[in-house]
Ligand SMILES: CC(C)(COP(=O)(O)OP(=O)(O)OC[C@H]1O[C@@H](n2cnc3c(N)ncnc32)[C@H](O)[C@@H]1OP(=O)(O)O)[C@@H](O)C(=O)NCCC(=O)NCCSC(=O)CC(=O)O
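Given next, in structure tokens, is a single chain: the form predicted on its own.
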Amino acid sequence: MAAEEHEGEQERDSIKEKARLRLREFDVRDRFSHLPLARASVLLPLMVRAGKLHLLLTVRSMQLRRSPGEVCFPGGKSDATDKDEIDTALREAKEEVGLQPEKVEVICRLVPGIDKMNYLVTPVVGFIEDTFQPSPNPDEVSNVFVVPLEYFIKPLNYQTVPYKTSSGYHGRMHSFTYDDPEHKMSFRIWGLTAHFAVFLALVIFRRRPTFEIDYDLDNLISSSESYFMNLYASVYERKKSNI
């Protein structure tokens, strides 16, 4: 039994190390922090279960005014007391699901996104233990579940939703339906949450997904940054025209 446990530990460490090396190549640090948009952060909590990477997600409480019942990552708006985007993500994860900051091995910050309220949202990637037992804050979170990361490049149930911003920017929105065997429930993962999950899977697995994406996989770093800057330019132009 001890030998089996040791083998399992070695496999887990190897999976984590491969992911760490890939993720660090894509670490944007604070390169986009200067952009003049209100800021928010989300934590993308990775864990290894049964020899595979999994991602923890939450379901927003139905009591919330904004996007009630939607699937998202732990996270929220930046606070005046937060040192940086990492601080924001860790603080929010603690408030929402009881994840202690010292229990997160932060790996990197990935290219940000812009949400429908025009917040600059930074995804912070970190490893957590697979033994983590969430204690959701019922005012903010109604459910917590995990999805194999591979699902975001090889889904069983996927749709693409084309969209156009008010400034005329065209994009593609991913929408996944995941049947969770643990909760015996289906969860719809879409919008910015799906966007971050797909990008994370592309970075780690280096594999072409079974659906169309807006990136050049041979130049993933530069194409993801160009995609973001085009989106930012469209939002910033619209903000300026409204002043």
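Quick caveat: nothing in here was measured; it's all calculated off a predicted structure. When you see a residue number, it is the position in the sequence shown, counting from 1.
Same protein, other form: the form predicted together with the named molecule, not shown, and the subject of what follows.
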Answer yes if any heavy atom of E129 is within 4.5 Å of a heavy atom of the named molecule in the predicted complex; otherwise answer no.
no
Answer for R65 alone: is it within 4.5 Å of the named molecule in the predicted complex, judged on heavy atom distances?
yes
Spell out, yes or no, whether the shortest heavy atom distance between L53 and the named molecule in the predicted complex is within 4.5 Å.
no
Heavy atoms within 4.5 Å of the named molecule in the predicted complex: does G98 have any?
no
Within 4.5 Å, heavy atoms only, one stretch in 23-31, 184-192, 45-53, 200-208 touches the named molecule in the predicted complex. Which?
184-192
Listed residue that, although the named molecule is not shown, lies within 4.5 Å of it in the predicted complex (heavy atoms), from K94, K103, K77, K154
K77
Within 4.5 Å of the named molecule in the predicted complex: residues from 38-54 (heavy atom criterion):
A40, S41, V42
